[in-house]
Every structure is written in structure tokens, then in C-alpha cells.
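Quick setup: one chain, the form predicted on its own, written in C-alpha cells, and binding and motion questions come after.
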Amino acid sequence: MALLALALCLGLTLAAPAGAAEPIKVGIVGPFTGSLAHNASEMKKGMMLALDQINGQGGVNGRPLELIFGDTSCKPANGVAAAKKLLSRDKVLVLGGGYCSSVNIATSEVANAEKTPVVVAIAISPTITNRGLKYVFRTSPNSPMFLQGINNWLAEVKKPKTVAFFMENSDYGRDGQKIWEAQCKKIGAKVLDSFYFEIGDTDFTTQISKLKQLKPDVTFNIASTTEAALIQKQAKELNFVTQWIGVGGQFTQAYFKMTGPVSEFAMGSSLEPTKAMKDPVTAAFVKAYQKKYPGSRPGIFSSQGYDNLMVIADALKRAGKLSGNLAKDRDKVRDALKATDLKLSQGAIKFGPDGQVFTVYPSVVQVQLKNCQPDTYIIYPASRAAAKYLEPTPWSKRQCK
């Protein structure tokens, strides 16, 4: 009995270090309430998978990671308040996460002023990393990188004569519009008109009715999941057919659940992990995600959340033993982030001098149906293509309703 008691005590002692050591606090910001909560939830699920793996392997230098979440509701004022709380009251070592460009422009300024490294996971406005802020990094491609494939496809394949814009009225939407406007001018496509909507809007019939009268070959539509789904449904109701082009981040499991076959033919640029299963690192992420969340589809936001926390953990590990002096430790983490060189679910992760990842390359995808179930398929470039581009057909001729 004494030997058994001793063995149990030894077992507890050996198992304790990662769990008993003081945790390293990492702050995570995102719109965990509001119309974008679907997407923030996907990001969080990817992060929780990464957290399980990190802490399951002993944590970081013998200390577990602890995530503290701050809700932004996709509002800059809320984001600033959440960031200030995480930095000052919770005293996190680094900030991660981040969705909604306008919010992350603001929160990254707060973090930089506090000399705290911030690693943005999803928001894609170039402004975030273009300002030369020394503590700001981003593990997602920015909007020019995301839209480059679509721009090449427009020039080489679609060659539209007329286009229109229907954009989220935010930095996210307007930055994308500027990039696409420049490309349309380059290829000789005439811009017929531009329309906007606010995050949280639910009625888009006025703008869609005007688009229907204009009959653009292509309609650019940067929107998040809920708004994008409603726009597709209302386009059907108004019998409006166009080649919708957005960003692949809207093509989430929640989006397909909301739209069903209505989303057929929509296009975007995407880093959908299930489309890159030839890559063993990406395939391992997909397998681990499906094991942790049975029945769930690992989409781009879950992949980006996973990679974001893995990058942070890697930098913490390479920063070495922490001194307990928060300012000095934050600088050590910032310096370690600069030297990041990883292979994760999105691909290679390396940062340029501006803190922007420059090694991740999205593909052009189109929503196509299989047994009336929507999914994205890579159609460009040809070297990655799994399907051919399909021209949108009139609603009356579509078999799946």
C-alpha cells in the first residue's frame, strides 16, 4: 500500500509541471457576439485545437498557455476597450485573433502604443501592416494578396465588359473595391455603379433591384457570412443573375447552411484547407479538427485561428524563459516573431519587414453543386484546379432549388 501511495504521489508530481506552472496569458480579440459570431466561433475552434495540442505536449517551455477572450462585436470602440482591458488589467503577453479590418486597425494601434506584440489572424486591410508599426504582425494574406488570383482570372479567363460593386461599408470593403477598380481599369471593364451596405443590414432589395437594371457581367461583393448569404437569397427572389465575386472567407459551413444551392456559381479567393489535402501538414490539421469537432467542416477561419495561435506559441518558445518583467518579455516575443519560419495549415509562414506574412497564396474558387450540396472547388490557376469554371445560368434553368 505504501509503495502504491508513493507511486501515485510520484505520478502526480511528474504530471503536474505543465498544469501547475503559472500560465502564459495570451489575449484573443474577435466579434464573438453579433452578426459575425459565426466566423469568430470558427476561428476560436481552430485556436482551441491548437491550445489542446500545445498544452498536451507540455505547454511552452514548461508553462501552459491560457487564452483570455475579448469581444469586439466588430465595432472599433468595443475592440479598443477589449484590447485595453487585456493589455492593462489581464496583462497578456501578446494579442492574437482579430476579425474586422476597421477594428484591427484600431486595436493594433493600441497594442503598438503599449509595446505589445499583436498577431492578426483574419482581418485583411493593407492598412494594418502598412503603417510601419513595430509590434504588429499578420498571419493572413492581406487583401491585395487575396485578390491577386481573382485579378489574374478576370484578365485571362472572364474578361468582363461591365462590372458593378456591392460592398460592405468598411475598410474591408472599400480597400477591396480600390484594388478591383484598378484591375477593371487595367483590363478595360466599365464600372457601372457602386452600392454599399452596413454590417448587420438585412434588406438588400433596393440595391439588388438597381443592379438588376444595370445587368453587370460581374458584381463584386465583399461581405461577411450572414450578409453574403442574405444577398444571395434576395438575388434569387428578385431573379437577378450575375457572376458574383467575393472573398473566400464568406464560404463557411454556416454560409452553406444558410444558402444551400442558392450560392451556386459564386466565386472568391480562398485558403480552404480541405482543398489542399495533398499537403501533409494541411491534411493533418483537417484530420485533427474533424476528430475534435465531429461533423464539422474545417474552413478557412478555423485554419487561420489554428495557425495564428501556433505562430504565437512558436515565438513564445523561441523567446525562451520569461523574466517576469512584462515590458522586456513583450519585446523578446516581438523579436522572436520577426524570425518566424513555420509550415502550417495555410502553408509556409514567414513575415516581411512590415510584419505581413508573404508566403501564403490563395486560390480562386467557385461554388459548385454535387447532389445539390454546395461546396467550393479550385478553378484557377490551372496547376491547382479541381474543376472548370461554370457560367451562372438563369434561375429558371437551375435543377437544384
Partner chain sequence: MESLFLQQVVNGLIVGSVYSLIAVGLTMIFGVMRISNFAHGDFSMVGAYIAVFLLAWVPGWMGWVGSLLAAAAGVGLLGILVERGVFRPLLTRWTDLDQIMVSIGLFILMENLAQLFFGATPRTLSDPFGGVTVNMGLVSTSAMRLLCFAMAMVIIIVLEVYLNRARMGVAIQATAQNRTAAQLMGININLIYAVTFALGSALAGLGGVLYGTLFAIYPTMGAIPTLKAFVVTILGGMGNIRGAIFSGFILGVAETLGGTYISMEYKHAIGFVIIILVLLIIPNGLFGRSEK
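Computed from a prediction, not measured in an experiment: that's the story for all the values here. Positions refer to the first chain, counted from 1.
Beyond the structure shown, there is the form predicted in complex with the partner chain, which is absent from this document and is the topic of what follows.
A residue is said to contact a partner when one of its heavy atoms sits within 4.5 Å of a partner heavy atom; Thr226 meets this definition for the partner chain in the model of the complex.
Interface residue remark: Thr162 is not counted as part of the site for the partner chain in the model of the complex, having no heavy atom within 4.5 Å. At a distance threshold of 4.5 angstroms between non-hydrogen atoms, Lys233 is in contact with the partner chain in the model of the complex. Although the partner is absent here, Asn130 sits far enough away that none of its heavy atoms falls within 4.5 Å of the partner chain in the model of the complex. The stretch among 87-95, 316-324, 256-264, 269-277 whose residues place heavy atoms within 4.5 Å of the partner chain in the model of the complex is 256-264.
Lys212 is the sole member of Lys158, Arg297, Lys292, Lys212 with a non-hydrogen atom within 4.5 Å of the partner chain in the model of the complex.
Shown without its partner, this chain lists Asp201, Asp71, Glu114, Asp329 as candidates; in the model of the complex, only Asp201 has a non-hydrogen atom within 4.5 angstroms of the partner chain.
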